[in-house]
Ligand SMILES: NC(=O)c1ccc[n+]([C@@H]2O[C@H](COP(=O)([O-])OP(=O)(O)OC[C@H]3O[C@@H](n4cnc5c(N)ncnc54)[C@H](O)[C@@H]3O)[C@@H](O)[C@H]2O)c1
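Only one chain is included here, represented as C-alpha cells and corresponding to the form predicted on its own.
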C-alpha cells in the first residue's frame, strides 16, 4: 500500500516510523513537509521517498493519505483528499473552527470517502478496558466521571495562537472519551478557566488551566480538568464511579502523583513526561487500524462525525466560559440529524 504522509514534525515523524514498519506499507511511504530538508532527512532515515511538495502526494498515485501538517492546513487537505477519492487519516482537529470543520465534512460526505480522525485514546488499553467495564454493567448505574489531562510543560509559544485553545486542543480528547466510554451524549456544560500562570497564555488569549462540569443525557455528572503546567509530569486519568463499583484509567507506577498517606504507594520513579511516551502503543494501533480500514477489513473506528461531536462540546465550553453561564449542546451548530 502506498501512503502519502503530509507533515514531518513531531507527530508526523512518529507516524512515519510506524507506517514504515507496517507490513502493508514498508518502503512504499511517501513523505512531504513545508520544510523540504526535514522531509528528506526523515525519508532517508526510514527508507521512504521524499516528495517535493504536497502536490506530488496527490499526483504520484498513492492509495491513502495521512495528514500530520499544521492544524490550519487540515481542512483544505481533507477536502483535497476527498476530491481525489482518497481515504485519509488526519490528526485532530479537522479544522481550526466549527465552520471549517463542517465544510471539510461536507466534502467528505459528498465524495463518499473515508476520513479517520486521530483520537488515539480509543486504542489505549486502559480506556478500552474502562469502556468494556461500563458497557458490561460491571459498575452498575454510572453516576460520576472525573477526567483530567495535565501537560508536564507548556507547548512552544508559537503553537498557542494556532492551537484553538485549551478546550479544543487538549480537553477535546477527554470529551471524546466521555462519549465513547459511556455511550451517552453530553447535553449541557458549565466551564471556567484561569490564565494566572505564564504570561504566554494571556498574550495568546488562551488559558493555562480549565475545568468543566458536564451533564450526560442519562443524568450522569462528569467533571473535566486540564492544565499546561503540571510540573510533576504528564498526567492523564479518568475515574468512573457507579453504584456497584468504581475504576480508574491511567493509574499505574508511572502516574506523576504522590500520596500523603503513611501507607500509600510511593512516588513514581519514572513518571510520564509526554503524550508520545504515554500513548505510544495507542498511536501505533490507530494507524494499524487505518490501514485495515483502507483495506476494507474493519469499520472506521473514529469518523469525522465522531470528531465533530467532541468539538461541539469544546465549543460549548468556550461559549460557557466567555458568557459565564451553562450552555446546552443544542445551542452549538452541527448536531447529528
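Residue numbers count along the first chain shown, from 1. These numbers come from a predicted model, not from an experiment.
This next part talks about the form predicted together with this ligand, which is not shown.
Enquirer: May I ask whether 127, 177 and 329 all come within 4.5 angstroms of this ligand in the predicted bound form, judged by heavy atoms?
Expert: Judged in the predicted bound form, none of 127, 177 and 329 sits within 4.5 Å of this ligand.
Enquirer: Would you check, heavy atoms only and a 4.5 Å threshold, whether residue 73 touches this ligand in the predicted bound form?
Expert: Output for residue 73 is yes: heavy atoms within 4.5 Å of this ligand.
Enquirer: Report whether the minimum heavy atom distance between residue 34 and this ligand in the predicted bound form is within 4.5 Å.
Expert: Yes, residue 34 lies within 4.5 Å of this ligand in the predicted bound form.
Enquirer: Is residue 93 a contact residue for this ligand in the predicted bound form, using a 4.5 Å heavy atom cut-off?
Expert: Heavy-atom contact with this ligand at 4.5 Å: present for residue 93.
Enquirer: State yes or no: in the predicted bound form, is some non-hydrogen atom of residue 208 no more than 4.5 angstroms from a non-hydrogen atom of this ligand?
Expert: Residue 208: no, not in contact with this ligand in the predicted bound form.
Enquirer: Using heavy atoms only and a 4.5 Å cut-off, determine which of 69, 302, 57, 42 is in contact with this ligand in the predicted bound form.
Expert: Exactly one listed residue reaches within 4.5 Å, namely 69.
Enquirer: Counting non-hydrogen atoms within 4.5 angstroms of this ligand in the predicted bound form, say which of 149, 120, 220, 101 makes the cut.
Expert: Contact with this ligand in the predicted bound form is made by 120 alone.
Enquirer: For the interface check, one of 137-145, 166-174, 211-219, 260-268 should have non-hydrogen atoms within 4.5 Å of this ligand in the predicted bound form; which one?
Expert: Only one stretch qualifies here: 166-174.
Enquirer: Considering only 1-24, what residues come within 4.5 Å of this ligand in the predicted bound form, judged by heavy atoms?
Expert: In sequence order, 6, 7, 8, 9, 10, 11, 12 come within 4.5 Å of the partner.
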